[in-house]
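What follows is one chain in structure tokens, specifically the form predicted on its own.
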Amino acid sequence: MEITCIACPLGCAIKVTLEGGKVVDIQGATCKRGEEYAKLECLSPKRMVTSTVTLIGSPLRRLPIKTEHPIPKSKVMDVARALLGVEINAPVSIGDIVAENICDTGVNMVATRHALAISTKNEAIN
């Protein structure tokens, strides 16, 4: 399997040889981080997920969110579907949990932006 490493800016072209579901050889990595990235990418790929959810009671209509940690690549579409229709009320702070243990990954979805609430007098409040 050939991959382009994203562990550092070099973007090494790495060739990984697998036998019986195990890595037996890695060629082309110029650092240990690249070797580890290639190994994980072949055996257990993970991705960060970023998205938005509906924000209620704020001048912002959408709240940007992300996973706290990478999740298995096979769960990315499940997470995207689970976020459809999710609504959160303002105010929100960066790091607030929007969805706990999303799709049984053990990873929370968190806010990546502050969002003030609007009072009934149309004034921003915390």
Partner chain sequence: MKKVDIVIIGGGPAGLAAALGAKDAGIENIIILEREQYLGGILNQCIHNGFGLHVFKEELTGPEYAARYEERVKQAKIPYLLNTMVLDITRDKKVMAVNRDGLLEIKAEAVILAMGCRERPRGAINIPGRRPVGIYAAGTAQKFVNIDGFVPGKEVVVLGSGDIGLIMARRMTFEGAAVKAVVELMPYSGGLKRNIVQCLDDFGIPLKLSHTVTQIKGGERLTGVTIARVDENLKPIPGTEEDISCDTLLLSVGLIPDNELSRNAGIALSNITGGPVVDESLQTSVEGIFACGNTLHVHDLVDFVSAESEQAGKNAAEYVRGKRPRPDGGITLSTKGGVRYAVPASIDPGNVSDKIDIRFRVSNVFKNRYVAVYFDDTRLKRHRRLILTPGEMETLTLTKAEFEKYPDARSITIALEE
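Positions refer to the first chain, counted from 1. Quick caveat: nothing in here was measured; it's all calculated off a predicted structure.
In what follows, reference is made to the form predicted in complex with its partner chain, a form of this protein that is not presented.
Which pick from Ile56, Ala80, Leu43, Ile97 sits with a heavy atom within 4.5 Å of its partner chain in the model of the complex? Of the candidates Ile56, Ala80, Leu43, Ile97, Ala80 is the one lying within 4.5 Å of its partner chain in the model of the complex.
With heavy atoms only and a cut-off of 4.5 Å, decide whether Pro72 touches its partner chain in the model of the complex. Flag for Pro72 set to no.
Does Lys39 reach its partner chain in the model of the complex if we count a contact as any heavy atom within 4.5 Å? Contact with its partner chain, no.
Check whether Gln27 has any heavy atom within 4.5 Å of a heavy atom of its partner chain in the model of the complex, and answer yes or no. Because no heavy atom of Gln27 falls inside 4.5 Å of its partner chain in the model of the complex, the answer is no.
Do Leu10 and its partner chain come within 4.5 Å of each other in the model of the complex, heavy atoms counted? Contact check for Leu10: yes, within 4.5 Å of its partner chain in the model of the complex.
Which residues in 17 to 54 have a heavy atom within 4.5 Å of its partner chain in the model of the complex? Heavy-atom contacts within 4.5 Å come from Tyr37, Arg47, Met48, Val49, Thr50, Ser51, Thr52.
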